[in-house]
Ligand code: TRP
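Before any questions on binding or motion, here is one chain by itself as structure tokens, the form predicted alone.
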């Protein structure tokens, strides 16, 4: 069988893993969910969850991937016959996320073009329209949204088709440092806007009122953000772990990835929330696409010509972050496809057919999501009829994007993480992870803490998050 090529360097692996975590989940999701979760209260719960759940699940997935040297589907089968079916959830979750992720990525490309048009005064600029009007026109034009969504998917496909080293590692090794530099520029401008201090106080001044009023709501929001942001239970970390060398310290890598992801989330909050408060629209901090495509566009438009330069930088930043995550999602099913080819003795390593077929499959869902226009174009309406006459229509019935988000982030990710913790904690035992971490004389100094978390704390907390998600979606 042909050798399975992985990352060329530890830096490349780290940037790819961090890139998967640092995507729209951070640049877009973290700020608006922090706003929805009450600012500091959300941050406090998120940090606790990242320590006792996020790092624990991530380390387990990295270790499973490296131990088996296989993709997410077959890695579970290799370590446990009873939990082998759990691996099949990973590519399904990844494909669902990729479909609506690409729709949002397409909007980001459209807004990058929009700001270029504004800068040079062309007809494809905003032409003096407000952010709300521009966004309404963008979502109503389902055909153009599909075009931009397909452009984003095509970029993702090309990077993945070039391979782990030539595509994913090379892109993330350059893209992640560039993303940090661009983010620093946006933060500097956002935090110097008049009234921006209110946004910083919202983020960092202790206020426990949201926890007293709706603890489960904050926990559910922070938990969903953790799973989505860290790319947990989507097969990404198992896949990337299978490409790493035995000499790499997995425990240290897991902590580094979580810390980098959390840091970028906070930086994204500092770039977005102060701008929202400076504009006098803190209510937008509790919303989704409105925060990214309405509030911030109004901020850029209100800064004159230089504002459009900042808009180009910002939306370019979001596109970079989104691509780093989308390539990791596509790589999960592609790795399964190519591994099956290797097992059959195919030495040509044909990634293109896998990438093409999987891109078409996910692209179909992406096209529907784009055409739906966040529920405003009637594409989702037929599904709402199932709940006709019901006292309360479930939250995921608003649009295709919410439905796909509910399936992936709301249900499959916490379910997969819960089952992974149960498998590691009680079936294959934490000692299996310890043995993998301690390869090449590496030391696992926090093993006792990890053992307690993976067996007791993480499953209990994840089960609570899953229960909260189900209640929110169907209650």
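Positions refer to the first chain, counted from 1. All values derive from a computational prediction rather than experimental measurement.
Form predicted in complex with tryptophan (TRP): not shown, discussed below.
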Legend entry - tryptophan (TRP) contact at residue 228 in the model of the complex, heavy atom, 4.5 Å: yes
Inset, instruction - Tell me, yes or no, whether residue 325 is in contact with tryptophan (TRP) in the model of the complex, where a contact means a heavy atom of each within 4.5 Å. - result: yes
Legend entry - residue 16, heavy atom within 4.5 angstroms of tryptophan (TRP) in the model of the complex: no
Inset, instruction - With heavy atoms only and a cut-off of 4.5 Å, decide whether residue 413 touches tryptophan (TRP) in the model of the complex. - result: yes
Inset, instruction - Just give me the single entry in 335, 275, 329, 238 that has a non-hydrogen atom within 4.5 angstroms of tryptophan (TRP) in the model of the complex. - result: 329
Inset, instruction - Sort through 97, 75, 172, 366 and report the residue having a heavy atom within 4.5 Å of tryptophan (TRP) in the model of the complex. - result: 97
Legend entry - Segment that reaches tryptophan (TRP) in the model of the complex - one of 47 to 55, 415 to 423, 23 to 31, 435 to 443, heavy atoms within 4.5 Å: 23 to 31
Inset, instruction - Output the sequence-ordered list of residues from 232 to 246 with at least one heavy atom within 4.5 Å of tryptophan (TRP) in the model of the complex. - result: 232, 234, 236
